[in-house]
Each structure stands twice: as structure tokens, then as C-alpha cells.
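Only one chain is shown below, in C-alpha cells, and it's the form predicted on its own.
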């Protein structure tokens, strides 16, 4: 039986972690709720001794703000499109990597590299790839316009250059670039998780299926996917959570304007909305927006958990 008289040692070992958790996690959550309930709360005004009434004004202010729906729409589009696409691609790539032997570790390393690369740096590379660049050549008055790497590749198939991210580009073109980047950036983590799940599946299932002459497609749908369903549910849920927090990819490609020149904030998201409120000193609005975002993520996560109970095989 465990000696209860020595429990104080366990609490002593846990104390540093508990202190850090309380200071950097629990207190910020409590403070966020507090600021969201103080009408038009501003930290500088509060430091000067100003008091604020307790109300739901900040939540009404966020919901009635004209750019809030734009931020919510962009966030929802990115989540609904990128999470299914990246999850399906990650599953197919993981199955492929698990079934080969030559260069297996090399390919795993290549696919995992984006996960350990800075998101802003990757976004800048993507911006350069999709950018249409005009450069001086010869005399200062002579400018040569380069369609960019992606447009040059499309030109091989006879497709005219597309204005992806430059001034005058369409909303659809901007979203397409973001979707490609987010899907590509999300693949490494999902592939790693799914590949680990695949390697944990008992090989006897596949051996029995081969003896029965089962087609590969049926093996994939009847054995691989059901036995891998807990991992699939995990990457889908975490994918939605990460998608609702999307921000750095847009900054990396379009800069702090969150959109091409002339269409500032066109691609702003919920997290960008929160940062904008903080930059303007509207801590009350930012806190209310953060709690609204938390509520949306919570509802989506609960729905995913409810669905996964019926679809996941443990």
C-alpha cells in the first residue's frame, strides 16, 4: 500500500510545474474571462484608475462588428476545405510509405521536414512561388515581368498566367493559395501519426486477407481504415482545432495586411481579428472574441467526438 505520509514529496516535485501552470495558463484564462465582462475594457485606462461596468457589451460589440463575419467566413472556409483534403492525402501517403522498403526512412524525413520549418519562412517561399514579379532589365525604364514559378509550370499545360496574390487578384485565387499552403504544411504531422498507427496494426489481418484473395481496395476500406480510425479521428479533431487558429500562414504569404494590396484584411481570420483588437488597445473586445472562438472550437470538437463514437473502432 502506498505510504500516504510521503505524499508531500510528490506534491513538492509537482510544485514547480503547478506554479508555472497557474501563472501562464490558469490565470490568463481567468483574466480573459474577467476582461471580456468589463464594458469597453482597456488596459491603459484601467492602469490609470478607470473603472468599467460589468456587462455583455464586448460580446455584442464583436458579433455586431462588420468585419467579424468576414473573419469567421474565412476561418470556416479554411477549416472545411483543408482538414478533409489534408487528412485524406496524409492517409494515402502514410499507406504508401508503410508499404515500401527502399528509401523508406529518407522519404519519411523529406515528408516531415515542413513540420520543423518556420511557418512564416515557408509562407514567404510560397508567396515568391505564386508571385508575378516585375524587374528592371537593361535601362531603368525597361521592365520585364516574370509570371512566377507556378504560372510557368501551368504554362507548360497551356494555362494562362493567373494573378494569385498580387494587387487585383480575386478572393478565390487568394483562398486557393492559402488552401494549398495549409494542406502542404499540415501533412507532415498527420502522416507521422497515421504512419505510427499503421505500423501498430497486426499483420495477421493482412495475411488472412491475402490468403482469401481479397482485393487491395477492399483491404484498405475494410481493414486499414477501421483499425486506423482512432488515429484518423485524432488528426481530424486536431486539424479542426489548428484550422480555427490559422493566422501565421496568411501573414507569411500576404503580410500583416492579411490580403493583397488594395484589399487589406480580405483574408483576416478569427485569430487575426483578436490580434487587431489587441493592437488597437481593445483588450475587452479581444477577450470576448477569444472566448467566442473557444466556444466555436469546443462545439466543433464535441461534434467530432460524438461522430467518432459511432465510427471509430477501438
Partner chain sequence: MKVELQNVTRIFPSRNKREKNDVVAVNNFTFEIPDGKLIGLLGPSGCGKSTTLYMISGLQRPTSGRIFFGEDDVTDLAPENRGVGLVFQNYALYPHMTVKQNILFPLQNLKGEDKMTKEDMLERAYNVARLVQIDELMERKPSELSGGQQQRVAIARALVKMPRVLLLDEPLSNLDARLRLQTREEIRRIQRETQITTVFVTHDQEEAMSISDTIVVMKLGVIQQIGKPQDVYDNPTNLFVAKFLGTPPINIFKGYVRNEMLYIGDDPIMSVPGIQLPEKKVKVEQQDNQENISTEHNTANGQAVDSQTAEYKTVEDGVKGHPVYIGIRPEGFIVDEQNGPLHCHLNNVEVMGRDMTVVSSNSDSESGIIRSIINSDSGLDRQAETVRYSLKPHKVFIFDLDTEERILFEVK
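Numbering follows the first chain given and starts at 1. These numbers were taken from a predicted model, which means no experiment stands behind them.
We do not show the form predicted together with the partner chain, though everything after this point is about it.
None of 211, 110, 100, 116 but one reaches within 4.5 angstroms of the partner chain in the predicted bound form through a heavy atom, and that residue is 211. Only one of 89, 153, 80, 223 lies close to the partner chain in the predicted bound form, with a heavy atom inside 4.5 Å, and it is 223.
Note on the interface: of 71 to 79, 184 to 192, 224 to 232, 169 to 177, the segment with non-hydrogen atoms within 4.5 angstroms of the partner chain in the predicted bound form is 224 to 232.
Heavy atoms of every residue among 202, 205 and 218 are located within 4.5 Å of the partner chain in the predicted bound form.
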